[in-house]
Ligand code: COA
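For reference, the chain that follows is the form predicted on its own, supplied as structure tokens.
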């Protein structure tokens, strides 16, 4: 099992548990995360979903091996059938508040999903980075819309285009992190916030959250636009060369 699921005091915890790969997300893991988020939406006893990682990391993002196969294959990419597509859409369309407790690496989708979360708590050893351009592809998860909305054009450009990693403190000052904690306390702090959310009147929470997130159509439209560019770029020569160079560096 690569996603550990627990429910306690109205909080569904989804822990990415593939520590030997720094919790890199496979197609199966994306499907499991999505199924559990959908299940939470339909369960009146669940008031919050908490994302955590195992082994000292949040997630290193997409499993590069899977994307390497797509980048070097001539077969069409069935984006709509892939787990990541379901996961990205559910983050926009889901009704249950999303909380993240981040320790260590939060790379790629591990970074962009933080923009979709309602509360984000990070350990002081966190490193948040989006290497999309370096791999010849483009930003995803509506991050090209949400990142500049949250932290302004220049900071968003620094993350999504320059590919600079953000420390915990930098992420806090950029505006997409609620609190920086020690490694020992980050999970406790995130879980406490999730429990407090889950204990609040559910209908009032749903309405207020919906008012705060008043742009689902824009988010979804941008996400789909990014996905089209991502799929096209994944088949490009520059992405193929970038992925091969990345794999060669890892092998070296």
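Fair warning: this is a prediction, and the values are worked out from it, not measured in the lab. Residue numbers count along the first chain shown, from 1.
Same protein, other form: the form predicted together with coenzyme A (COA), not shown, and the subject of what follows.
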> coenzyme A (COA) in the model of the complex: within 4.5 Å of a heavy atom of each of 12, 47 and 201?
Replying inline: no
> Using a 4.5 Å cut on heavy atoms, which of 205, 189, 38, 64 is close to coenzyme A (COA) in the model of the complex?
Replying inline: 64
> So which of 113, 120, 135, 123 reaches within 4.5 angstroms of coenzyme A (COA) in the model of the complex, heavy atom to heavy atom?
Replying inline: 135
> For the chain shown here without its partner, which stretch in 179 to 187, 53 to 61, 193 to 201, 210 to 218 has non-hydrogen atoms within 4.5 angstroms of coenzyme A (COA) in the model of the complex?
Replying inline: 53 to 61
> Quick one: does residue 21 come within 4.5 Å of coenzyme A (COA) in the model of the complex, counting heavy atoms only?
Replying inline: yes
> Taking 4.5 angstroms as the cut-off for heavy atoms, does residue 97 touch coenzyme A (COA) in the model of the complex?
Replying inline: no
> Is there a heavy atom of residue 108 lying 4.5 Å or less from a heavy atom of coenzyme A (COA) in the model of the complex?
Replying inline: yes
>> in the model of the complex, is there a heavy atom of coenzyme A (COA) that lies within 4.5 Å of any heavy atom of residue 131, even though the partner is absent here?
In response: yes
